[in-house]
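As structure tokens, one chain now follows by itself in the form predicted on its own.
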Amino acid sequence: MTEAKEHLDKIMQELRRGTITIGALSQLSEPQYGYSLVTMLSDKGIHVEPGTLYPLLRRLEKQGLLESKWDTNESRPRKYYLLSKTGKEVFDLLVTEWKSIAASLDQIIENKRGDENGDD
């Protein structure tokens, strides 16, 4: 593995931590259980391991951003998660922040490319 690839892997891991939180919150306006959420996110291009997602869901629940309810009607009990009122508000604020950060980064990246190509 090249040195650049090693650095990229570490930076991508850091970047993914925050994006997984936003991705998970975005899918919880309707109740979802852990594995269904893993599948939904994967289908949308956000690959997350169950061992990463389950602790995140528990942490978000503890912070009051999610509510949960056990469904014991199936052969295997499942814990369903749903955005709380506070969670919806936090998600909306996160989306606004994300869009602002992404727009700023797009502008910085495009300006850098313009500088490298001799554009003013």
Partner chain sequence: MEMINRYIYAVTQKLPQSQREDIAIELRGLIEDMLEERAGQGNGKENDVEEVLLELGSPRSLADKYRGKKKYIIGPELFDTYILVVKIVLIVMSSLIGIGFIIQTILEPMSILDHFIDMIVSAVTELPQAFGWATFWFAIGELYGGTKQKDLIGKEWKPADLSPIPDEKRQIKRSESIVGIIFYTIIIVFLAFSNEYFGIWVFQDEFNGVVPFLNEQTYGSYLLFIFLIFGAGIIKECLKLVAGKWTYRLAAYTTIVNVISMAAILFMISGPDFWNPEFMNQLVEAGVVTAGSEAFDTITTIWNQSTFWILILFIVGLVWDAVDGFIKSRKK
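Residue numbers count along the first chain shown, from 1. Not measured: the values here are computed from a predicted model.
Below, we turn to the form predicted in complex with the partner chain, even though it does not appear here.
S.K.: Would Gly45 sit within 4.5 Å of the partner chain in the model of the complex, counting heavy atoms only?
M.R.: Gly45 lies outside the contact set for the partner chain.
S.K.: Taking heavy atoms and a 4.5 Å cut-off, does Lys69 contact the partner chain in the model of the complex?
M.R.: Taking the distances in the model of the complex, the answer for Lys69 is no, it never comes within 4.5 Å of the partner chain.
S.K.: Indicate whether the partner chain has at least one heavy atom within 4.5 Å of a heavy atom of Lys88 in the model of the complex.
M.R.: Answer no; every heavy atom of Lys88 is more than 4.5 Å from the partner chain in the model of the complex.
S.K.: Contact between Thr52 and the partner chain in the model of the complex at 4.5 Å, heavy atoms?
M.R.: The answer is yes: Thr52 has a heavy atom within 4.5 Å of the partner chain.
S.K.: Heavy atom within 4.5 Å of the partner chain in the model of the complex: which residues of 23-47 meet that condition, in order?
M.R.: Read in sequence order, the residues that approach the partner chain (within 4.5 Å, in the model of the complex) are Tyr33, Tyr35, Thr39.
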